[in-house]
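What follows is one chain in structure tokens, specifically the form predicted alone.
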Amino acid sequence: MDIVVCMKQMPDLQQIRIKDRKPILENVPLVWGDLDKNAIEEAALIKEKVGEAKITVVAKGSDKLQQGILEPLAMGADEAVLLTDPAFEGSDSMGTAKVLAKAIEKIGAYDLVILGEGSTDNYSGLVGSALAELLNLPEITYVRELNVENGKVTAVRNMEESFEVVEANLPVVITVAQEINEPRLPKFMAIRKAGAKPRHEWGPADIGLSADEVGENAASVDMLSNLAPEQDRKNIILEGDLDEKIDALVDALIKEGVLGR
């Protein structure tokens, strides 16, 4: 069985500062999204169950991927394809799906394509569906349980108010929900061995695309702004005796409708 896992590095949301309602991304470390880790963990679990399987990670990002990719390789991936060319920067969801599809087609062999249902930063949830369309494959989304057997997958989908059980023949695209598993922490020896696993860096030409067909040049959606919500603070400072401040705070909250009488 050949499994492809699509992953994305993103800024650590816990370390992003906001200034003038804009995110400051300078010097913010890059991490794998939680759902990306769920995707690679599920691939590793399937490999452990079926025995004969190869996991290839396809990741788009900066040159920092060379170091960051060690984590998914240590979690069970056998090799990695890194899409680090600056021409890929600024891709929208459809552009990202096109690049991933071309890379997967070049890999050639794939029974399962697994990715998170959305990225932790933008969370558009569009890449998986666009990728399935471009590869002309069926797709099962929001998967919280997955079983692969006899050339078929059986999946339980999380529909918020209900669960849905569906079945599809391989090959198929799967987008996983966070409930599907608990990603492992790779051990030290696994991380050391990960450095010896094959890593390939591909640019647009390697996957049959020109620079005009990727990144900002090919984006179908223009980002007009990326601003944090406005916060209208009253900046009321309560001074005096502690008991008086507490009474004044309660009165103020009642007047604002935060507390009922």
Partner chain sequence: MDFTMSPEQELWKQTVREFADQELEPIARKIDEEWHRIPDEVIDKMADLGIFGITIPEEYGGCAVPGEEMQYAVTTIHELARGELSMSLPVYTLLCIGWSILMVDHATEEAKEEILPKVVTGEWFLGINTTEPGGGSDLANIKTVATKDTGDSWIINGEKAYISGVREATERGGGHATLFLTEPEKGYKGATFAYFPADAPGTSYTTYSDMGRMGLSTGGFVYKDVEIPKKYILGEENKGFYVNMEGFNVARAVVSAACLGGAEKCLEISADYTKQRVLFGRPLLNFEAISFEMVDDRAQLEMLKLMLQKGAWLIDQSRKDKSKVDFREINRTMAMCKCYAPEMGVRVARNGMMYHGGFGYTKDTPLEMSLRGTMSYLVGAEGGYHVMKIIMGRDWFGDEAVPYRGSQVGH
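Numbering follows the first chain given and starts at 1. Fair warning: this is a prediction, and the values are worked out from it, not measured in the lab.
We do not show the form predicted together with the partner chain, though everything after this point is about it.
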4.5 Å heavy atom contact, V28 to the partner chain in the predicted complex: no
is_contact(H200, the partner chain) in the predicted complex, heavy atom dist at most 4.5 Å: no
Contact label in the predicted complex: M189 to the partner chain, heavy atom within 4.5 Å: yes
Proximity of S210 to the partner chain in the predicted complex, heavy atoms at 4.5 Å: no
Stretch in contact in the predicted complex with the partner chain, which is absent here, among 63-71, 200-208, 213-221, 50-58 (heavy atoms within 4.5 Å): 63-71
In the predicted complex, residues of 23-60 near the partner chain [heavy atom within 4.5 Å]: K37
